[in-house]
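Before any questions on how it binds or moves, here is one chain, the form predicted alone, in structure tokens.
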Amino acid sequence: MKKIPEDISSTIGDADCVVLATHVHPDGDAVGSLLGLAQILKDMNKKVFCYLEEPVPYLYRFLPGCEMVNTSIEELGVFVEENPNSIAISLDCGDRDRLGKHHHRLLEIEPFLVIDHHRSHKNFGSHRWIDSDRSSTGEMVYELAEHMRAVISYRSAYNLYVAISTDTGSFCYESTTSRTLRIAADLVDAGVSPDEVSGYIYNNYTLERIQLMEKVLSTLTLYEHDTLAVIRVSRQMFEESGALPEDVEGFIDFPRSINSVKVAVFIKESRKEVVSVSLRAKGEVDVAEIAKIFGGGGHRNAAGFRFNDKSASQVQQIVIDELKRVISRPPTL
């Protein structure tokens, strides 16, 4: 694991005003890291502006501090204008474009710091701390706070626990290390209840989400002697079920859980004429390398990419052909 770069900790320590941002369609690690670091910085008596392109997904609105999130790029501009010495920090974002349609405005803030754990990270910003050996960005934020001798309050701990637990699949993924578990234990000691967090994350679904899940799982198709599983969601499914785009989070874990499956694929047709692909793997297949072929990225066992110019059917065929080639390849000795 890499040490925290001194220019990261010193720049944050010297700053009075900080803008925090994360990627579009944020997951638990993105939102938890954002809110966790925001609270840590506020407890250090710093002014903080938390920017998201869209509101926090309803799945994570139980997180303390959600009211700090602001979706107005105009208000962000006012904050920076009133605080000309502001710095910016991007969390859990491997590509500047993933910051959203206003990423150019965000990158105008100097210095611009980047904290991320994606192995396929595409360098941007003026100062970077990239460590793909970390289980999550939430783990990195914890380490940063400890390094800076900052107080980790109950609210900070709660957010960081959610960040870490969701990005490790409740501590099931191979990215989970003994250090990850020790950090989680420290957060529990700070007052976080794993039972409560689990209830919010896994027992808080809407009926619309379940109805959408039924439709999506009905598309399950297996290839290559049941080692490759594919599911799909269409715009029509969203319309018929009344579910929201964030309702699909976690669906890919179902085909991945099939004992014969090495790689699971989730093809998502959004309302914005974009087809996105999520990949999850078990064993020897490195899906980050596959995602890189299509301009995406991620981790060895979790990656993704998107197409703007192809139908869902075309995307499915392209991805299946590439995965068949990889899965059928003899293992390297």
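Between two forms, the rigid core is defined as the largest C-alpha subset superposing within 1.5 Å. Bear in mind the structure is a predicted one, so any value in this text is a computation, not a measurement. Numbering starts at 1 and runs along the sequence shown.
Another form exists, predicted in complex with a further copy of the same chain; not displayed. Remarks below refer to it.
Heavy atoms of every residue among Y173, T177 and S257 are located within 4.5 Å of a further copy of the same chain in the predicted bound form.
Exactly one of the stretches 178-186, 232-240, 122-130, 70-78 approaches a further copy of the same chain in the predicted bound form with heavy atoms within 4.5 Å, and it is 178-186. With the partner omitted here, the residue from N83, T227, S153, T206 that has a non-hydrogen atom within 4.5 angstroms of a further copy of the same chain in the predicted bound form is T206. With the partner omitted from this view, the residue of E214, E146, D97, E108 that lies near a further copy of the same chain in the predicted bound form is E214 [heavy atom within 4.5 Å]. At a distance threshold of 4.5 angstroms between non-hydrogen atoms, Y161 is in contact with a further copy of the same chain in the predicted bound form.
Within this chain, K46 is remote from the site of a further copy of the same chain in the predicted bound form, having no heavy atom within 4.5 Å. Using a 4.5 Å cutoff between non-hydrogen atoms, K282 counts as a contact of a further copy of the same chain in the predicted bound form. At a distance threshold of 4.5 angstroms between non-hydrogen atoms, L244 is out of contact with a further copy of the same chain in the predicted bound form. Core-aligned CA deviation for P55 between this form and the one not shown: less than 2 Å.
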